[in-house]
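In structure tokens, the next block holds one chain alone, the form predicted alone.
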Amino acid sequence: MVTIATLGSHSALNILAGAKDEGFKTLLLCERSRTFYERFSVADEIMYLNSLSEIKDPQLQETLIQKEVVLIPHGSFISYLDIDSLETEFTVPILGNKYLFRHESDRNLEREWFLRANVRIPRTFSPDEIDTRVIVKYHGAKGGKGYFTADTPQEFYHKQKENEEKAEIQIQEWIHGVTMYFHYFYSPLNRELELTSIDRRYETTADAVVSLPNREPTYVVVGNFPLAIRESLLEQVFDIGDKMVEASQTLHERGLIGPFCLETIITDKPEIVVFEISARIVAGTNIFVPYSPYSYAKYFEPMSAGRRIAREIREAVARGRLKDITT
């Protein structure tokens, strides 16, 4: 019998609660400091690790394989584990397509994906080309940490010098509009794209900038708000989702599998501008346990993102197609 497992962070409660809804055994791999998970009822077993990176250990992987684990990746999975070893040495089945995580973690590869999909995206600049307001972002799933804005090359170099981050960056055009994060689920079993929910992020100090008028806003994510989009825009939402799925199949033969998120800005035209993709579950789905307006309109029963993942696994097991949804 399959056991659904994940790392103790990010959206673990969502994932494991959904697995329990579908009748699966659950396992949490957790750092020893995070004993608060014991206060909840979602994990049948908790394996404590000194560090989440220990999941790369071959002996631990063999233990997980013996337990028939399917591992559900989330943002912390992308942040703490090495993409190279994940692609070449990690042997535990992962729900989704791990070969697309590199495109999520590298903004240049991510941009290539967007261009293949022919979706509207922000312009990018080199530092000396800055002639409008831009936002400077780091590669990888950093939750907004270290991002800053600039209007000129001089302002960019000044702020970059002050910033402690030394990682690769991408300089994006600042798009005027409101942020919306669209949560999708693509089922290879049914060849169907679903919209599961929509959120926006609660960021410090960007969401407190009114009270701090002379401070550079920061974009560290600390929570999420639920959103429902104007229904006339749903055609655009599904169109860009379909395009991203189709383009993913040109990047890797398996393409997108399961949950993913498009991070967007909606302008006053209104037009949807895509600026990031997460090729796995995102924390914005956590506020939709047990369901969202969109998942309820699809299933007419509680259907969180965690439960939708578990249901796909359950259906794949029943049809002998588990390998079609894991890598």
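Between two forms, the rigid core is defined as the largest C-alpha subset superposing within 1.5 Å. This one's a predicted model, so the numbers in the text were calculated from it and none came from an experiment. Note that residue numbering follows the sequence shown and begins at 1.
Another form exists, predicted in complex with ligand AMP; not displayed. Remarks below refer to it.
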property: Touches ligand AMP in the predicted bound form: residue 263 (any heavy atom, 4.5 Å); result: yes
property: Ligand AMP contact in the predicted bound form: residue 225, any heavy atom under 4.5 Å; result: no
property: In the predicted bound form, residue 76 touching ligand AMP (heavy atom, 4.5 Å); result: no
property: Distance check, residue 86 to ligand AMP in the predicted bound form, heavy atom within 4.5 Å; result: no
property: Selected contact from 203, 104, 194, 199, since only one has a non-hydrogen atom within 4.5 angstroms of ligand AMP in the predicted bound form; result: 203
property: Among the candidates 156, 114, 125, 181, the residue which, in the predicted bound form, approaches ligand AMP to within 4.5 Å (heavy atoms); result: 181
property: Interface segment, criterion being heavy atoms within 4.5 Å of ligand AMP in the predicted bound form, picked from 251 to 259, 235 to 243, 131 to 139, 182 to 190; result: 131 to 139
property: Residues in 270 to 301 with any heavy atom within 4.5 Å of ligand AMP in the predicted bound form; result: 275, 276
property: Exceeds or equals 2 Å, Cα of residue 181 between this form and the one not shown, core fit; result: no
property: CA of residue 125, rigid core aligned, shift of 2 Å or more between this form and the one not shown; result: yes
